[in-house]
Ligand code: F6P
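Just one chain follows, in the form predicted on its own, and it is written as structure tokens.
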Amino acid sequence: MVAWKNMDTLKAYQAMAEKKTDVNLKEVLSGDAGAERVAKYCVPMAEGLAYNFAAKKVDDGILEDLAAFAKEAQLTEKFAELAGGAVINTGENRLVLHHLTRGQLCGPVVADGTDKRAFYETQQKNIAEFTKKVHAGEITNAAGEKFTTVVQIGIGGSDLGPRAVYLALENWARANGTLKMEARFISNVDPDDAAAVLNTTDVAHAIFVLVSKSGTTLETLTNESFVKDALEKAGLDPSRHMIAVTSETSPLAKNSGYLAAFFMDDYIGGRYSSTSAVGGAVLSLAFGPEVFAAFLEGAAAEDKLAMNENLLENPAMLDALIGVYERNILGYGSTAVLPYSQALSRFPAHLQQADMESNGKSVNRFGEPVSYRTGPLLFGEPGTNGQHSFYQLLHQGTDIIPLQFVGFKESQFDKDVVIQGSTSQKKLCANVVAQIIAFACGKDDENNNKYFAGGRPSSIIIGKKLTPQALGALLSHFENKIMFQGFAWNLNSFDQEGVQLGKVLAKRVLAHETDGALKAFSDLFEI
């Protein structure tokens, strides 16, 4: 029987809080013992990735405490309940089924009288059939010409995840000859966003993917109108250029204004929707359905590891609990995600939403206030660019901010040059290695401006090359990490009431139903 309890009521947590061990990274990473630690504190992931936490402030004793906590908190049992179709989203009384978009972890899940795995597979099949017709020129514009560009219109999870995945695989697809169509994205209701995309897109040869589960999202429908206006002014029929990704009950479904409609449901939250039709349509059009399928395979393989009860064989749960230890025992309030891969340039932005929207809560899953810290502030940029901007604060600022590096041994293009005895890729890898040790061990210097205290913990996920399968595994790792942390903090990681209040007030402003300060601020913009 799974019991949902606040973290501070668990004996294993209380024991850790009393110990509050702080590992000296400079000591444990020194000499031969340091080399042994790097080899020992490394857990295999799917698709050739590995999670290395040798530069984290943990030791064997802390790992034993974390394992005891995982067992008492029933983390893998809760994950199995989620995957098996339990009502885990207590705020909205819903199942949480994004794992089913890429594989079956437990037995069949039936909801609304439908086998949900079969439903998601059908959507993937329909998308694959549609995209193959587009690529073959069987579905064309009114002039009988092929579409060359796909533009996704969405916001939040309908934009950040698919955009991050597209950018991560664009160069890989070019190098492997699988880039079928270039993809663009419109998300912000700021008209300059849509105008910038449309002004640089050949709309006559573009197909637009409108993503809105409800079919009523204000920003998305506003941008759709912006796009339709541009198409009409170009003498084009919008219905020949648009498809919808929505729910079966929305006004966008079975609508003659769209070439086709593909469906999602209420059991997949936007920030977890990249492996559903939300990502499937745009990514399949861009790269081909076979590449999207490979991406799903990588995610499914990593999901299976999240079922493992052994903490040291479950990288997502291990990563999550080290994060909980840093947040609640060591008191660190932020985390930086630092991919040493330009292809992952928007991955930190996606994780900002996935993590902070999920676990940015101050009440537990029953709506009761919690007395401990929950989700950290998360930010990041790709290296080495970040080294020349905010790393100053990370190295010598007053706050210790745990770091999560991602790196690959090989580039996606396999094109490089040797300069001063090494390739650009080797220089990139050398930089991330140097940063791990610089943050952990610091540097003594009589000049305080040049003194580095060290003791800044980090982990790194290492892979051979960023491929569709590796990206799927990487996405799954972080999604599952977020969920395990939500379980540990006894949160509902699957609603997002925090984004609703602003929307309500914005509607009041537009309807001129304002007074007081709300009216005064509205008047500043002459609304």
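For every residue, the number given is its place in the sequence shown, counted from 1. Everything quoted here is computed from the prediction, not taken from an experiment.
Heads up, the form predicted in complex with the named molecule isn't pictured, but that's what we're talking about next.
Partner contacts here mean any heavy atom within 4.5 Å of the named molecule in the predicted complex, and among 136-144, 269-277, 179-187, 69-77 they occur only in 269-277. Taking the partner from elsewhere, no residue among 54, 336 and 459 has a non-hydrogen atom within 4.5 angstroms of the named molecule in the predicted complex. Although the partner is absent here, residue 512 is not a contact residue: none of its heavy atoms lies within 4.5 angstroms of the named molecule in the predicted complex. Taking the partner from the other structure, the named molecule in the predicted complex has a heavy atom within 4.5 Å of a heavy atom of residue 503. Although the partner is absent here, residue 294 sits far enough away that none of its heavy atoms falls within 4.5 Å of the named molecule in the predicted complex.
Contact between residue 156 and the named molecule in the predicted complex is found at the 4.5 Å heavy atom cutoff. Exactly one listed residue, out of 222, 122, 171, 214, brings a non-hydrogen atom to within 4.5 Å of the named molecule in the predicted complex: 214. Site annotation in the predicted complex: the residue of 326, 265, 381, 357 reaching within 4.5 Å of the named molecule with a heavy atom is 357. Scanning 480-497 for heavy atoms within 4.5 Å of the named molecule in the predicted complex gives just one residue, 496.
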